[in-house]
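This document starts with one chain, in the form predicted on its own, laid out as structure tokens.
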Amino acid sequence: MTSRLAAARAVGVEIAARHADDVDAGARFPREALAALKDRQLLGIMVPESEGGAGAGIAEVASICDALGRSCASTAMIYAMHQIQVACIVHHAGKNAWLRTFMKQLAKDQLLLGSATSEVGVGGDVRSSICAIEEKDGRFSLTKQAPVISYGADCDGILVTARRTPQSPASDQVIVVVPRDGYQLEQKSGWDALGMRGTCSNGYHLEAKGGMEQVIPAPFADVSAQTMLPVSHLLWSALWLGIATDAVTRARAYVRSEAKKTPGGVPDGGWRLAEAASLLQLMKSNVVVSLRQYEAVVGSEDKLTALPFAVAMNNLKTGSSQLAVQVIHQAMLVCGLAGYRNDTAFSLGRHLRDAHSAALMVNNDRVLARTAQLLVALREDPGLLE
């Protein structure tokens, strides 16, 4: 783990950070950083050793997301999104021979995976699909209007959600793994966004074909509850932590530079730095505890779908997304105009813009509404050590 994390940190500091402003300004794919991650064999680390991967756990992947987030949020988000898709395959492939062969190819060739879970016409509800699997003679075809497929033009494969059959209700979904040669994309919209500009989250008309063995055996409802949602919340929170950490690092550097001008005194804004550091510690603690909670229940379907665990993961997402913005805002107040400007070593504009995406990725209002439903159904809150 130590060597892989060190490699990721080097990619962040030496490559991702160097190109981050250009990636943001041009809203372009961070090709240099992703090429370096591929070269260092960091894309397939979650694949089990039996399938040619490193068998890395969630904590290591989260640490890498944190490290990359300190340098380039778009690079970190792409890495996190990719690993979420890998986790879905790893945890739900079962004995499916095609999926296990695909995992080996993923690890060997360091394939980059994206996802098409959102769809035009469902109001942002990823647990509902209009498109459906059309099966004939063991083959499938599907057509999907996807308002967002992040880094779709640069993927080596996409995981696509769809109704199980044309007759299935909207909530009876499956998720199918489609390699690059199995789909076509026609771009329908661009990505000129406030932040996370390098994710290139364009909208596409997607047409896919392949064999029915490419469908993950478990229903998407199970894949989502047991893997996609908790892993998303954990890895996203880790990269948001990385963004916030770099903001505090810049604020601390600013206060140090000001302190040199008035030896023996605390510069204006010093107390805000202390407050930002306190919020950052709270954010980090939340991520660490949540990682331990996930590691304690991973592999147990009953515990992964238990109400207390679902509430905890939802709270991680909403809490981290709110704290990230608060920490960066405090850091900007510390740095003043030096943080507000885009042309200083203490600039925090990109950090703040990227962090504001956190509350919108699976909208916090929807997550909070779902949490409220779970809390009503929850009979009692588990003890501190449970």
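These figures come from a predicted structure and were not determined experimentally. Numbering starts at 1 and runs along the sequence shown.
What comes next is about the form predicted together with a small molecule, which does not appear here.
Asker: Specify the contacting stretch among 147 to 155, 182 to 190, 99 to 107, 260 to 268, defined as having any heavy atom within 4.5 Å of the small molecule in the model of the complex.
Answerer: That would be stretch 147 to 155.
Asker: Flag this candidate site as yes only if 245, 319 and 326 all have a heavy atom within 4.5 Å of the small molecule in the model of the complex; otherwise mark no.
Answerer: Answer is no for this spot.
Asker: So which of 173, 314, 227, 117 reaches within 4.5 angstroms of the small molecule in the model of the complex, heavy atom to heavy atom?
Answerer: Going through each option in turn, the one that passes is 117.
Asker: Taking the small molecule in the model of the complex as the reference, which of 71, 232, 201, 214 has a non-hydrogen atom within 4.5 Å?
Answerer: For this set of options, the contacting one is 201.
Asker: Though only this chain appears here, would residue 86 touch the small molecule in the model of the complex if you measure heavy atom gaps against 4.5 Å?
Answerer: It does not: once the small molecule is placed as it appears in the model of the complex, residue 86 has no heavy atom within 4.5 Å of it.
Asker: Heavy atom to heavy atom, is residue 369 within 4.5 Å of the small molecule in the model of the complex?
Answerer: It does: once the small molecule is placed as it appears in the model of the complex, residue 369 has a heavy atom within 4.5 Å of it.
Asker: Taking heavy atoms only, is residue 360 within 4.5 angstroms of the small molecule in the model of the complex?
Answerer: Judged by the heavy-atom cut-off of 4.5 Å, residue 360 is in contact with the small molecule in the model of the complex.
Asker: Determine whether any heavy atom of residue 81 comes within 4.5 Å of a heavy atom of the small molecule in the model of the complex, and answer yes or no.
Answerer: Yes, contact at 4.5 Å.
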